[in-house]
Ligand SMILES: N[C@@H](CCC(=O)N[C@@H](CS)C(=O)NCC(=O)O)C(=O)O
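Below, in structure tokens: the form predicted on its own, a single chain.
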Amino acid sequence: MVVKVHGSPYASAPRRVLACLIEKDIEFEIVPVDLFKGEHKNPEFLNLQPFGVVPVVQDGDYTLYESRAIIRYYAEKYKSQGNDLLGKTVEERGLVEQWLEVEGQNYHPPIYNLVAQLVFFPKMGIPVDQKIIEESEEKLGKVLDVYEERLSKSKYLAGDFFSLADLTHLPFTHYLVTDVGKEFMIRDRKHVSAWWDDIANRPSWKKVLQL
């Protein structure tokens, strides 16, 4: 059965889901939701996602939203299909979950603020807040210092295997490197830079960028 992904292939959170589906060799179709036209606030979409946020997936009669929940679901449901993204032992799974939480709680907030202030707001005609930019850059730098230490000891965040813990970083780090003008935050850290080059060149992510 083909998975329906409601969202835009240009939006960050749907891209996280699409990368996971490609890694797991799961067939999908994109149901476009135009955020600039406010289609995510239409009653039809709100029936699927009451908070009006993309993405939403429909897997037969099963509906799920929140991108990190979605990627966990498909990595588990199709564990024996495609690339294993969860680890082979309960200890490896624990580390995957740990770094997924780190991304959601520590990495995402400051990088989201940077992307919003420097990419989204100018396009929407919203004034940028220089104080938020400076504070977010400082916070993200401290998080990346932790990543640098971790990645000096293992190829990927959860160990020597690519997992959801790495995949979840792709969309916003891509913005940081290509659109925000803050590539130095990655490049100034030797091990973070090598890690980024590795995960950004995975065939799944290249395919997402082509969609």
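Quick note: we count residues from 1 along the sequence shown, nothing fancier. Quantities reported herein were computed from a predicted structural model and do not represent experimental measurements.
Unshown form predicted in complex with this ligand; subsequent notes refer to it.
A.B. asks: So in the model of the complex, is this ligand close enough to residue 16 to count as touching (4.5 Å, heavy atoms)?
C.D. replies: Answer yes; at least one heavy atom of residue 16 falls within 4.5 Å of this ligand in the model of the complex.
A.B. asks: Taking the shortest heavy atom distance, is residue 181 within 4.5 Å of this ligand in the model of the complex?
C.D. replies: No, residue 181 is distant from the partner.
A.B. asks: Are any of the heavy atoms in residue 54 no more than 4.5 Å from a heavy atom of this ligand in the model of the complex?
C.D. replies: Yes - in the model of the complex, heavy atoms of residue 54 and this ligand come within 4.5 Å of each other.
A.B. asks: Does any part of residue 40 reach within 4.5 Å of this ligand in the model of the complex? Heavy atoms only, please.
C.D. replies: It does: once this ligand is placed as it appears in the model of the complex, residue 40 has a heavy atom within 4.5 Å of it.
A.B. asks: Though this ligand is not shown, can you say which of 30, 146, 35, 46 has a heavy atom within 4.5 Å of it in the model of the complex?
C.D. replies: Of 30, 146, 35, 46, the residue with a heavy atom within 4.5 Å of this ligand in the model of the complex is 35.
A.B. asks: Within 4.5 Å of this ligand in the model of the complex, heavy atoms considered, which of 11, 200, 21, 192?
C.D. replies: By the 4.5 Å heavy-atom cutoff, the listed residue in contact is 11.
A.B. asks: Given a 4.5 Å cut-off on heavy atoms, tell me which of 152 to 160, 138 to 146, 182 to 190, 62 to 70 is the interface stretch with this ligand in the model of the complex.
C.D. replies: In short, 62 to 70.
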